[in-house]
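Below you'll find only one chain, the form predicted on its own, shown as structure tokens.
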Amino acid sequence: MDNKRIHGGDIERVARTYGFNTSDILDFSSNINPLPLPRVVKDYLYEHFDTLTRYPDRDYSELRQALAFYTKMPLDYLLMGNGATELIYLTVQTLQPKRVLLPVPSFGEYEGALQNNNCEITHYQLREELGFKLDLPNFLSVLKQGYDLLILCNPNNPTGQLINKDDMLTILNEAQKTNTIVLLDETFIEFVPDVSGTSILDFLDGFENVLVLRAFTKFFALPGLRLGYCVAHPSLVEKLAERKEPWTVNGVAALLGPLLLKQTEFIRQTRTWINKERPYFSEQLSQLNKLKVYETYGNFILLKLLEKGATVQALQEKLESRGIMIRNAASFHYLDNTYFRLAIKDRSSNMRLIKNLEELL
């Protein structure tokens, strides 16, 4: 695999190397919601297990109805996928873009999908001296040069930076003028302080050139479920659906999706947790010597080692020997072996990490 597409969460490797049980490892490398799902979700799966003896509904009608209610979008704007990753690859395969604009550092699977289709990729560098914030005037001048596809992640992984709604609409309007399709990944949007005030779903009916991706992976803490969805104008949804393989969403995902979207208390608790823990964790990390902590709007934080000669690899190995995993960010474009990413977890886990960082740094 291309090292730009390496992901976090390799708990089995750490367990084998250091002799831990996987349940004893604190995994800060994989940015997943740490709150436990309600018991009703497990019970529901057990009670409806016989559903797996049948093929899923090819149109995923119940699941799409639940998503239509959750997102407040019409049914014909929705397309289901085997996680957001399938929809990334499907979009590139369907549209066959020749010239693509990709701000980086960002999620590695965009690059994988583009390379598979021999796209000409223009990397737009998000600059460290700006805190990895998008320089909007400069970016718009680049976008005006004309591209078939623009890929944006908002909030961006791994930088945690957010493009506000007004700036995003400015970008989408400019892309519309140049006939550029925009693939907007909102996988982490449900963790931002003001979801409705940040997401552009309410404006999609005015943009036939925009596809918004979301997934159950991060917010609902079910990466193994492989459930994602695309929200776009029906004309784009129809193009993707014509190319899409049938039944890529499995029966368990089709069964649990509608139930998960109804877990209003879990959703409320998650937003309460992240809005409290994100500033606290960031502040505690900022008090450590030899670390730079970047602003974030996601459920993860990007950091940089400041001591001359220090490497994340060395820190990573020391932490893993103590049963703690972090994400070396050197696999992302324009980041080196001094950058790492931390998931935001529960208070006790976060404090255990900080204690170890204090000792090691």
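Source: prediction; values computed, not measured. Heads up: residue numbers just count along the shown sequence, starting at 1.
Another form exists, predicted in complex with a further copy of the same chain; not displayed. Remarks below refer to it.
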### Message
With a cut-off of 4.5 Å between heavy atoms, is Tyr124 one of the residues that contacts a further copy of the same chain in the predicted complex?
### Response
no
### Message
Please tell me whether any heavy atom belonging to Arg99 falls inside 4.5 Å of a heavy atom of a further copy of the same chain, as the geometry stands in the predicted complex.
### Response
no
### Message
Can you work out whether Tyr55 and a further copy of the same chain are in contact in the predicted complex, taking contact to mean some heavy atom pair no more than 4.5 Å apart?
### Response
yes
### Query
Given that the partner is absent here, does Glu242 sit within 4.5 Å of a further copy of the same chain in the predicted complex, heavy atoms only?
yes
### Message
So, a 4.5 angstroms cut-off on heavy atom distances: do all three of Asn82, Thr85 and Glu109 pass it with respect to a further copy of the same chain in the predicted complex?
### Response
yes
### Task
Let me know the one among Leu45, Ala330, Leu315, Leu26 whose heavy atoms come within 4.5 Å of a further copy of the same chain in the predicted complex, would you?
Leu45
### Message
If the cut-off is 4.5 angstroms on heavy atoms, which of these, Ile32, Ile324, Val293, Ala66, is the one near a further copy of the same chain in the predicted complex?
### Response
Ile32
### Stretch in contact, per heavy atom within 4.5 angstroms of a further copy of the same chain in the predicted complex, of 205-213, 172-180, 133-141, 247-255
247-255
### Query
Taking heavy atoms and a 4.5 Å limit, what residues of 216-235 are near a further copy of the same chain in the predicted complex?
Thr217, Lys218, Ala221, Leu222, Pro223, Gly224, Leu225, Arg226
